[in-house]
Each structure stands twice: as C-alpha cells, then as structure tokens.
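Only one chain comes next, encoded as structure tokens, the form predicted alone.
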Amino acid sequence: MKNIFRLENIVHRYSERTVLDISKLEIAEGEVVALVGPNGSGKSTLLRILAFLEKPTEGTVFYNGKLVKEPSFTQRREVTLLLQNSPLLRRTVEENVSYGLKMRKDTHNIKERVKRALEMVGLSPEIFAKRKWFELSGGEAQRVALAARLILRPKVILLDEPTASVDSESARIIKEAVFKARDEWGSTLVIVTHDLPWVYQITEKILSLFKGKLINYVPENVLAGDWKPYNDGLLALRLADGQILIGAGSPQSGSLALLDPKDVIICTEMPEEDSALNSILGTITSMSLISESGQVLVKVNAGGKTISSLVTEKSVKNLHLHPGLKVYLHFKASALKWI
C-alpha cells in the first residue's frame, strides 16, 4: 500500500522545549489512524505538521512520495484539518460551505455540491443553507465546518477532537460523515480523540504519543509513578491500595514503564504463584471490541491505575467478563519496557 505521509527524524521545539521527537511515522493512503495520549503529548502539533501549517524544527516530511520543503498549493489543498472548535466565517451556512470552492474558482454546479455536503453532515439544505453563523448550535456549527471541508473532497482529513464539544447526535453524524468520505473517495483519516470506545471500533492502527514520543502501546498502560529499587535488582511501584507492581530492567531516564495489553492475562481467581511476580487485583471498568479483529480491550482499575488487557471474544464468554467484575491481572515483570 502506498504511503501518503512519511516522516523521518522529526523534532519540533517551541523555544527550548521539545514537543515532538519522532524517528519514523508512515501513514498509508486510505488508512484510518488514531492518535491518542494525554494532553500535552504533542498530538495537535503533529496534526499541524501533517496539515503543512507548521514546519518541523528538524527532520523530513514526505507527502505522496515527494519531499516537502515548502508545501505547494496542490499539497495544501489536498489536506484539510478540522479542529475541536473550527470557527466559521461571519456569513450564511451556504457561503461558509462554498467558500473554499470559490477561492479555487471551482464554481461548477456549486449549489448542488453545497447541498450534497450539507446532506453528508445531516443538515437539511432547505432549512440551513440561508442561516447565519450565529443562528447555529455548537453541534450544527461543527457540522457546517466539516461540510466546508468535505465539499473539497480532500485526500487527507485530519481531525483534532472533532466531537469533544458537540451533542451526541452531532458526534454520531460527524463520525459517519468522515467515514463516508473514506469509503467514497478513499480519503485518509488521522484522528486525535479521547473517544477510545469509538477508536477501537474503527481501526487497529492506534498510535500513542507520550511526551512527544510515538509509542505503539495503548495509553492506559503507560505506568508512571515513583518506581523504587526492590529485591534482586527489580523495581517496585506501590499503588494507592497498597498493592505493588514489580518491574525488571534498568530505566535510563525517569521512571516510566510501558506494558503491552497483549502481555496482560486476566484471571477471575487468584493465579498460582509463579515467576511472573505480578498478580494485581482490580475491577473491570469498560470493555471495547477492537474493529473486526475478534479481540476485546478490557480496562481494569487496579489501585488507582488503569491497566488494559487484550483478550479474545471467546475468553470474554468463558470467563463471563463484564464491567464491575473483580479480576486478577497477571503479567511478567520483564514485560515492562522503560522510556
């Protein structure tokens, strides 16, 4: 599959503060990629670089196989960014949606195209086309902003928390509209969101950012805390309820551990003692089916930490897993990786 983006050795700084440090990132044409991570992890900055709105301090960006030194007009027009609160022009809905086409002097059949774009975002053209920007609710305004981007049929749609500040109906319609663009036009989608249940339904390519670094791990299993020396060269992290996590290895800087959900085994009874060292009691808080892979992401609160495990649907049925159930999380100390 052809890459639409390839980033190499990207470093981005604001003054002396490094906000991004990514050695390599590839995004294929027509792919759906989710970017997750805590606030301040660099997600929005990465989107701005992909949208050609910022140039990285160091490193190279390739778009559609070509090195981007200064983005061309063609490259800019093929990529669009929808923010959490994308401002509208002080004009009617119809004028907002058609503005991009008029700027490109692409006015052929423009009224019909505006109508189609509004229908894609669930807004009746007869009702909304002549409305002013101030006559819209927050959800309606966000849908108009999306229509103004969809009418351009972009190759890449970048979305920064597109449904965080809208009502549930608008959120549903926005999600459906961007996937209709992917299905009909082959648009690539890169989505920053905290809506993890939705993310796990739509894609298996979930990239986690933490302190500007790209980590291919689910963010709940970034285990930060006061790790202290333990027996036999191991490290220990005491949880809020007194339970102790044990890790092996030698962190080079800081005290941040990563734990792949695939390495976490869920048991409904206390496992027999073995060399794994970690058997942590917790409560299932949520369960999400991941796309069509047949796996379920089970999130467990253990001593104030959220730890996730990937299990099969068969295991969910056999173990009768459900939110609120007490379970044991079993994983090896050597499964923790340090950054």
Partner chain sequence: MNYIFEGVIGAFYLLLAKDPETYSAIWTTLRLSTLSITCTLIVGIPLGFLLGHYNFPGKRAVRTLVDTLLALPTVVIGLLVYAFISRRGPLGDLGLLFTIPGVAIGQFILALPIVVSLTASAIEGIDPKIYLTLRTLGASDMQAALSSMWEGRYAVTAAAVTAYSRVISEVGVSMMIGGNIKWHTRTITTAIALETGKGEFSMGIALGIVLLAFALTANTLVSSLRRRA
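Only the largest set of C-alpha atoms that superpose within 1.5 Å between the two forms is called the rigid core. Positions refer to the first chain, counted from 1. Please read these numbers as outputs of a predicted model, since none were measured by experiment.
Quick note: we don't show the form predicted in complex with its partner chain, though the next part is all about it.
Taking the partner from elsewhere, Ala148 is found to have a heavy atom lying within 4.5 Å of its partner chain in the predicted bound form. Contact between Lys180 and its partner chain in the predicted bound form is not found at the 4.5 Å heavy atom cutoff.
For Gly242, no non-hydrogen atom is located within 4.5 Å of its partner chain in the predicted bound form, even though that partner is not displayed. Its partner chain is not shown here, but in the predicted bound form it comes within 4.5 Å of a heavy atom of Thr80. Stretch-level contact analysis of 181-189, 264-272, 109-117, 68-76 against its partner chain in the predicted bound form, using heavy atoms and a 4.5 Å limit, identifies 68-76.
This chain lacks the partner; the member of Ile202, Ala129, Leu207, Leu152 within 4.5 angstroms of its partner chain in the predicted bound form by a non-hydrogen atom is Leu152. Out of the listed residues Leu258, Leu88, Leu214, Leu237, Leu88 is the one that sits within 4.5 Å of its partner chain in the predicted bound form by at least one heavy atom.
Looking at its partner chain in the predicted bound form, residues Arg48, Tyr99 and Lys105 each place a heavy atom within 4.5 Å of it. With the core held fixed between this form and the one not shown, Phe179 has its Cα displaced by under 2 Å. Relative to the superposed rigid core, Ser98 undergoes a CA displacement of at least 2 Å between this form and the one not shown. Taking 2 Å as the criterion, Ala147 counts as shifted between this form and the one not shown: its C-alpha moves by at least this amount when the rigid core is aligned.
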